[in-house]
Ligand code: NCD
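Okay, so here's just one chain, in structure tokens, the form predicted on its own.
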């Protein structure tokens, strides 16, 4: 795809060359994300961070990524804090906010809403998650993490075995990741969920049509065997009609160290888009895994900054100028932390 000035709305925009480009730029952002150097390449640019649904990692990492490139961030953090509560349309909101920003990241609870917003925007828009539809930057950072983790095990993405566990019906992260991974070759997907929370049939059919093996099961223990990656998701309570309905499934698929040791390969990588629900009734990813070297959830979260810096640099067409304004950082030293 042609990145400069483009909206980033769906992983279906990308081919493998695009992914390689994003990952190469993400790698080049490491000195800035790791506080080794600083750049002012986006000095004077403004990010409109428009989050009309709750977020911690996505909102803050997009803001940090923009700041690390030298830009400034303006935020809206809920629908209740915006004029949408007064009946303003997404069209009008987009026309106004795009006049205040050079690029916008938007999250919204309704599927397709970010694309509607982008059609009216005068500046590029990046989808920060739209309902249960898609989360393209999360899928990119997930795949980037998978590639890095498997590289350390002398494996590649082609031919890998991945198990996806939990609420696969409502989880936009697994929807986007599945569609991104299908660009690679000879993948085996094991989809572990209650029957009512299965991966949407359209996505399963897409995977099979691309020649990948797909196994659907509600048997977590057997489904965990012989995988390179185990990707867990929480029950997406906000997508259910009420909490009681969500509670029917909460806590049914849990991974702890004992289960990992018994059923997983010793070097299986554990991933989760976060937040993990650590309440006793859920606890889908137990704290007793925190010291397991295969637990990649925090490396995964760190990678989000690299990927989001790369997207900003590509869309705003500054990749070749990032290092021109780079300087050393004098306030940050490793022994302070």
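Numbering follows the first chain given and starts at 1. Everything numeric here is computed off the predicted structure, so don't read it as measured data.
Only in words, not in the display: the form predicted together with this ligand, which the text now covers.
From the list 36 to 44, 22 to 30, 286 to 294, 54 to 62, the contact stretch for this ligand in the model of the complex under a 4.5 Å heavy atom rule is 54 to 62. At the 4.5 Å threshold, heavy atoms of residue 304 stay clear of this ligand in the model of the complex, well away from it. Though the partner is left out of this view, residue 138 does reach within 4.5 Å of this ligand in the model of the complex, counting heavy atoms only. Residue contact check for residue 172: one or more of its heavy atoms lie within 4.5 Å of this ligand in the model of the complex.
At a distance threshold of 4.5 angstroms between non-hydrogen atoms, residue 179 is out of contact with this ligand in the model of the complex. Contact with this ligand in the model of the complex, defined as a heavy atom within 4.5 Å, holds for exactly one of 270, 68, 282, 274, namely 274.
With the partner omitted here, the residue from 198, 234, 108, 212 that has a non-hydrogen atom within 4.5 angstroms of this ligand in the model of the complex is 234.
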